[in-house]
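Take a look at this one chain, the form predicted alone, written out in structure tokens.
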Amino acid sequence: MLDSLLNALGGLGTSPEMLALFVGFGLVVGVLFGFFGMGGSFLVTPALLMLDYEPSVAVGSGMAFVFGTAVIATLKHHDLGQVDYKLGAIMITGTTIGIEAGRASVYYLESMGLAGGIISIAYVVLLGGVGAMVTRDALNSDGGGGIDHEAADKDLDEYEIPEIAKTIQQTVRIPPMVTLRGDVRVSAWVITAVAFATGLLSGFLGVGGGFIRMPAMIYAIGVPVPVAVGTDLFEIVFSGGLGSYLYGQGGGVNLGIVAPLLFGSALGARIGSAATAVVDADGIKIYFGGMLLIGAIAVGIGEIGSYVGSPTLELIGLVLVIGAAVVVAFAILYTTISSLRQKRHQGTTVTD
């Protein structure tokens, strides 16, 4: 069966070596996607740009991959009770408008020959900035963000809203006000603004918007971390589906890229989603921030290599992108397994 699938994928015009790379990369990225509510085209799009795919193809194929992986991961988060459908539904309208604006910007810049460079620079700035903010917040935390899904509602009620989110909630009181999971009450206009901004980035960078939307849900809206991850994935199902459809109409989706990535991510997304039930909230933030910082460095090196015409620097950037995904994915798996063993040992001790 596997041979038949690989032959079918090979018929899409992708070499066996690239098929193996995309399947393996898809597995790793699937773990990150399920764990963070992002990580798909945040890594895939820069990698495709470094492999000399056209910007529209890199972005469009990234969006298609995001859509497929988000469907898989959302189903698992739904089972864990980590999806706020009210929040997700409100965000869809703003995200839809933002995606179309971002997509139009990519094709305009591409016609001027500027798309690849500007997209890469935007990645570096956003990944580095968001990564530094999230990592600093997690390291400064006093800990105790554990997630016990047998008492999920109790944990959400006790979730401490970040000071930034508290300020926004107290300042922006424009009706209608919405009550979200974790007893968070916020103006629907704040949610819409976050949705439009992340939709714009989604359409422009070829991402589901997760690496900016997940922190935005936490720090701008005040949503608990596990719910932010699950709801982000639910919203990405729609934004990724719309984005890939729009890019597909313009020939921007390469199935020879998307199919093997999804084949690998199908298992990875389920594993990553399940890991959020074990790793505490601060642990998720630290892994998330570190992933973004490494990604920013990798994209920056690759872009410098492209600008000065150095294949070596471009290769280093590509290796860092893939290596960062592999290292963080294995770190997540190691932490998850260690936590499960510790809980099993504690359970055995109590029984004895």
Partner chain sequence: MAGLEIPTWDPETALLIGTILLEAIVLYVGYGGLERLFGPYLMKLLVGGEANAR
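Residue numbers count along the first chain shown, from 1. Because the structure is predicted, anything quoted here is derived from the model rather than measured. Under this definition, the rigid core comprises the largest set of C-alpha atoms superposing within 1.5 Å between the forms.
Heads up, the form predicted together with its partner chain isn't pictured, but that's what we're talking about next.
Considering its partner chain in the predicted bound form, the lone stretch of 185 to 193, 258 to 266, 166 to 174, 119 to 127 in range is 258 to 266 [heavy atom distance within 4.5 Å]. For Arg181, no non-hydrogen atom is located within 4.5 Å of its partner chain in the predicted bound form, even though that partner is not displayed. Residue contact with its partner chain in the predicted bound form: Ala331 places no heavy atom within 4.5 Å of it. In the predicted bound form, its partner chain lies farther than 4.5 Å from every heavy atom of Ala20. Although the partner is absent from this view, Tyr245 contacts its partner chain in the predicted bound form, with a non-hydrogen atom inside 4.5 angstroms. Of the residues Leu109, Val279, Ala197, Leu75, just one reaches its partner chain in the predicted bound form with a heavy atom at 4.5 Å or closer; this is Leu75. The contact with its partner chain in the predicted bound form, taken as any heavy atom within 4.5 Å, belongs to Val253 out of Val253, Leu87, Ile212, Ala220.
Shown here without its partner chain, the chain has no residue in 306 to 328 lying with a heavy atom within 4.5 Å of that partner in the predicted bound form.
Superposed on the core, the two forms barely differ at Leu246: its CA moves less than 2 Å between the shown form and the other one. If you fit the rigid core between the shown form and the other one, you'll see the Cα of Thr231 move by less than 2 angstroms. Once both forms are fitted on their core, a CA shift of 2 Å or more is seen for Arg270 between the shown form and the other one.
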